[in-house]
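One chain is shown next in structure tokens, namely the form predicted on its own.
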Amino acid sequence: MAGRRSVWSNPEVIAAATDFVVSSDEVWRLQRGKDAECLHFQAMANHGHYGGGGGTRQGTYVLTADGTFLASTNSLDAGSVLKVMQEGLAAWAKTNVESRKLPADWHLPRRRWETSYPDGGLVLRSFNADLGPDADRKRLNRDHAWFKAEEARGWLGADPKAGDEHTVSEVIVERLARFHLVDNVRGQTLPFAPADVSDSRITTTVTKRDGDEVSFDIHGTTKGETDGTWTLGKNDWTPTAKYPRGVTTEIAGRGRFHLASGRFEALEFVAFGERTGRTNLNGRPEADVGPARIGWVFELAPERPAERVAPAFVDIYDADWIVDPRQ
């Protein structure tokens, strides 16, 4: 999000991008995966600004289709990125025609995390930021929350009528509290384990029913808190030290659901609360462990390719309908 705000909104960068096939992807899988797509990226990125060492390969890269590295940087400065784009375009002009094509034996991976996208279900996009007079207004982050159709139905009762109050299903509340109401404002963070979630309850109240169309209000609270003990096993997120942390929120919103189609016509809610602690990934210094204010906005994700990016913690969603592409 910081890059979108400071780099890709710049008019000169936007104009320069017309000379490129522009693509974006979540780097976590690309820099660690072992399928052909990930290895193709890693071989190219090893020539870039971070070299072939471990750690992140985050950044902006200019390359040919066959994986020839041309230029790169990891910068939130529009001028620096523009310079790299210009350098990359100049280098591309010197390449041969064959390097501009995919290798003859190239094929896309059989599956990606996005392959499990819940068509017909519920996909929310979220934006979160620090709140308060001293908050850094330039820092915010985004994510997606996925629910298959059967799970999404847990927002309402079986036959909702005006005035009905319904306790939202545990799978929805827990998924939000564990994986989405987390402090990733300044970068990636750690999820909560099931045992870390307590005093969390979301309810919906039907305000109107007109045939198959049901309008409802949303209210609730969530709490995730841990002393830093890691209980989620060995995975990509396993930290090397304890990071005590917590997030508490109050939730308010509204939605509209069509019973016959099983689709949400609208769903939006905000979560305001308090954060404490830090992790090895979210970039908070020791002086910024809180308690401090934090907030989220959740809304229906538009049905377009850019909104099919998988949730950050999709690999530990504990959902049997999500197929791990690494297996």
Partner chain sequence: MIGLRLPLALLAAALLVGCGGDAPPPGKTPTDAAAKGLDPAKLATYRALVLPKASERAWEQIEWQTSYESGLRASSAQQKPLLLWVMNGHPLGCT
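In this text, the rigid core denotes the largest set of C-alpha atoms whose superposition between the two forms falls within 1.5 Å. From a predicted model like this one, the values you see are computed outputs, not experimental measurements. Positions refer to the first chain, counted from 1.
Note that the form predicted in complex with the partner chain isn't included here; everything after this is about it.
Among heavy atoms of residue 97, some come within 4.5 Å of the partner chain in the predicted bound form.
In the predicted bound form, the partner chain sits beyond 4.5 Å of every heavy atom of residue 77. Taking the partner from the other structure, the partner chain in the predicted bound form has no heavy atom within 4.5 Å of any heavy atom of residue 236. Among residues of the shown chain, residue 102 is one whose heavy atoms approach the partner chain to within 4.5 Å in the predicted bound form.
Residues placing heavy atoms within 4.5 Å of the partner chain in the predicted bound form fall in a single listed stretch, namely 195-203, out of 225-233, 195-203, 116-124, 154-162. Residues of 209-232 placing a heavy atom within 4.5 Å of the partner chain in the predicted bound form, in sequence order: 217, 218, 219, 220, 221, 222, 223. Once both forms are fitted on their core, a CA shift of 2 Å or more is seen for residue 68 between this form and the one not shown.
Relative to the superposed rigid core, the position of the CA of residue 276 differs between this form and the one not shown by less than 2 Å. In this overlay on the rigid core, residue 28 has a C-alpha that sits 2 Å or more away from its partner position between this form and the one not shown.
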